[in-house]
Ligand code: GLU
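Only one chain comes next, encoded as structure tokens, the form predicted alone.
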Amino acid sequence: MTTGRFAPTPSGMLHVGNLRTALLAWLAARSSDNGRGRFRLRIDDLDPAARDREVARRQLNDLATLGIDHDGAIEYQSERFDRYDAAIGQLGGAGLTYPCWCSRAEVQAASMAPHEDGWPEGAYPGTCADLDTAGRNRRAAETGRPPALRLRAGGVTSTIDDAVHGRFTGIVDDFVLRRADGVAAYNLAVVVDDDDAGVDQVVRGDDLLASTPRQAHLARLLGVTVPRYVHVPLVTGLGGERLAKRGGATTLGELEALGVTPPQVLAHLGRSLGMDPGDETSLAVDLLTKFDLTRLPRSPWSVNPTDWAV
């Protein structure tokens, strides 16, 4: 049975781009398997700076206002460090990890050029990959900081199947599994989380497409299912800039203050996904019979949500 998910970071209220992705993920899951598909919610609060339970509560309330319901308990990444440690232990036991003392600035300066076909932007060049014990001791002394932990991928290629972009192949660099501060990295956590929740369909913005071969490769190393992916074009402002949480009146609460009701927001989101919402759309379930994954737009949705108040 298909299981989809939405996993917001509680760093601010959801804007219409986030809500659109959540709605699409919900529709894609709920419309699967003759309407029996499941949908999970997770709060991606790995980063200590983003562990705001009040913001998370308000995000969940906005989703509920639009009728985006879920199956099972809501999970929080900040409560799952034991699962990430177990996965890292499995990889380490197979000789697939190594410590790295490179700073972000050093990686950026030495990273593989993004024009090199297949490499993700900011790909790690392997500076610390082959250090012996003496070399590691020297790097530790030079930097005076704890190391991050990287996956020894060796530049393998990894291919995924995407509902929007088709087959996509990328080169996998030695990406971070655990940050220098001891926090599990996103690429590791999302693979472990999705597998534990039975998620086999992932809908998200296409800005994450280039890094997805990393996650697929990691899933295969861990012996877990690689999800089916749906990477959708982003929502942008009318000038082409990426819509942001702090980019003006773009959240559900801000739009309500302008007189734009949640059903009206839902109708606009439905149209942006290739549907005709009609006049009776008040909750997400009203769009289910009109949803067709094959009709998703292939270009960014440029919008100024404040225009909806006119």
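The first residue of the shown sequence is 1; numbering continues from there. Keep in mind that what you see is a predicted model, and the values were worked out from it rather than measured.
There is another form of this protein, the form predicted in complex with this ligand, and it is not shown here; the text below is about that form.
The shortest heavy atom separation between Val190 and this ligand in the predicted complex is within 4.5 Å. When contacts are judged by a 4.5 Å heavy atom cut-off, Pro305 does not count as touching this ligand in the predicted complex. The closest heavy atom approach of Asp44 to this ligand in the predicted complex falls within 4.5 Å.
Taking the partner from elsewhere, Gly4 is found to have every heavy atom lying beyond 4.5 Å of this ligand in the predicted complex.
Only one of Phe168, Tyr186, Tyr76, Trp101 comes within 4.5 Å of this ligand in the predicted complex through a heavy atom, and that residue is Tyr186. A heavy atom within 4.5 Å of this ligand in the predicted complex is found for exactly one of Arg80, Arg178, Arg139, Arg204: Arg204. Only one segment in the set 102-110, 119-127, 147-155, 204-212 has any non-hydrogen atom within 4.5 angstroms of this ligand in the predicted complex, and it is 204-212.
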